[in-house]
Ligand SMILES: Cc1cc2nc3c(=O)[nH]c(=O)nc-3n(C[C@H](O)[C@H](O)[C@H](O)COP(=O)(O)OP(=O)(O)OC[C@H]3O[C@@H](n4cnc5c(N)ncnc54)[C@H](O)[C@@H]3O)c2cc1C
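As structure tokens, one chain now follows by itself in the form predicted alone.
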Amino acid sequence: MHYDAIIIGAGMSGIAAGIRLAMFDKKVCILESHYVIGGLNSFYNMKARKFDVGLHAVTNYVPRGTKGAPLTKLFRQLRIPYEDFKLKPQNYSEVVFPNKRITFTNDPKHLEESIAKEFPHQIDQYIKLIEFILSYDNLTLDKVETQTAREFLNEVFTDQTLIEMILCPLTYYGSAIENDMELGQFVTMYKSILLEGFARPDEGVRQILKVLKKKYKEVGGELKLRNGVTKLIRKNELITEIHTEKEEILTADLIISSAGYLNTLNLIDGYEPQTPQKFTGMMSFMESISCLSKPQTDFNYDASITFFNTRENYLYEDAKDFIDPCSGVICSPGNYQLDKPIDEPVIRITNIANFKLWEDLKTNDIDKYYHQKEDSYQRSLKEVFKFKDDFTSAVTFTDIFTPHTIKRYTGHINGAVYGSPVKTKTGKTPFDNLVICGTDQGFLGIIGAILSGISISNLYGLVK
């Protein structure tokens, strides 16, 4: 079977690419190895409960009709009504360090006032930072950076705590690099989180996936679940065949892969990628989900998202132990401007985790693996309860996923949530008809992933 375009992976970027191409009468097929769509942002059911995977919040939130915003562009390009995502704005979020706390909402002035209160001697520099971010050109895909984010911030501010408090939410929500991030990515993430803001779909990630899947079907796209790609056949500089798990052999003028740069090249039969270690990510996480019998606000968990660090210095690096409990993210899905309370209060806690330790334990001793999950959960809670109230008396159910879980269900090497530390912004690979979209293009978060699929399909599938 021949297609105008085949898309590897039914994550957010893959589905968006499929919609965009099919809208213009391209014959498109998405191949997905899993039985549900969504990739890193998916869902599952357990014990009659519905859980999201990946989604803490939708970034880039702006009110309907905001001109020039990424969210507005997304709805326009996919011809989806704004209200279909049913986005509900955050209440507020916070960054908590020892003896320091800054808060932010979807109004940038709130963060400015919070920084002025905690770091009055740095407020003039902060205003200059915002001026730089607003004037920065992050639309040029082949732009070469000469500084990292941390190097730039060290030139702007004299207070290291403020630098680390700014970096904390941005690294946790998007950096594949230890203790730093690429400057262009920093600007993009800053805009999406701290200048635009957070929201959450009424029904969680299912709402967004339901809308995207429906749109893809409406425009005539074909979706094959449990039928991932097993290998790609090349001839000179072209991919000539796509082999699938159901032993199909397909061909396409264009192949768009959302599987990650290195994962994609590893699918090519007889091809050895150059310097693969350069494209191998390592930042992975453990997340616990605690269901409660009482509202989380009864225990003073009022923020939509809490980014925290309990050390003197903030570290964002591969954990030396199974987890690093001293920094992380606390997500309370009920703390948004919802029309009605969620069915069951939930608190989710995310910590950096060591993929190799978890993978070795899962392979060699399954009983110890499950014991370690519980032990790591308790260590994580112990650290959180240094600055938050203990909610364990109200816990009715818990689930925990590790880097092994991430690799199993997404295929990401090392369970690396943010993929390669080296981003391929143009999407190009060494093969003329094979391009990538998604995380390894450098677009992160749900809105970023969808825009990645749109931009790559526009650039390589629609522009002659």
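Residue numbers run from 1 along the displayed sequence. Note that the structure is predicted; figures quoted are calculated from it, not measured.
The discussion below concerns the form predicted together with this ligand, not included here.
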{"query": "Contact flag, N414 vs this ligand in the model of the complex, heavy atom cut 4.5 Å", "finding": "no"}
{"query": "Heavy atom of I239 within 4.5 Å of this ligand in the model of the complex", "finding": "no"}
{"query": "Touches this ligand in the model of the complex: G228 (any heavy atom, 4.5 Å)", "finding": "yes"}
{"query": "F43: touches this ligand in the model of the complex, heavy atom cutoff 4.5 angstroms", "finding": "no"}
{"query": "This ligand in the model of the complex: contacting segment from 64 to 72, 27 to 35, 392 to 400, 426 to 434, heavy atom within 4.5 Å", "finding": "27 to 35"}
{"query": "Contacts with this ligand in the model of the complex, stretch 1 to 18 (heavy atom within 4.5 Å)", "finding": "I8, G9, A10, G11, M12, S13, G14"}
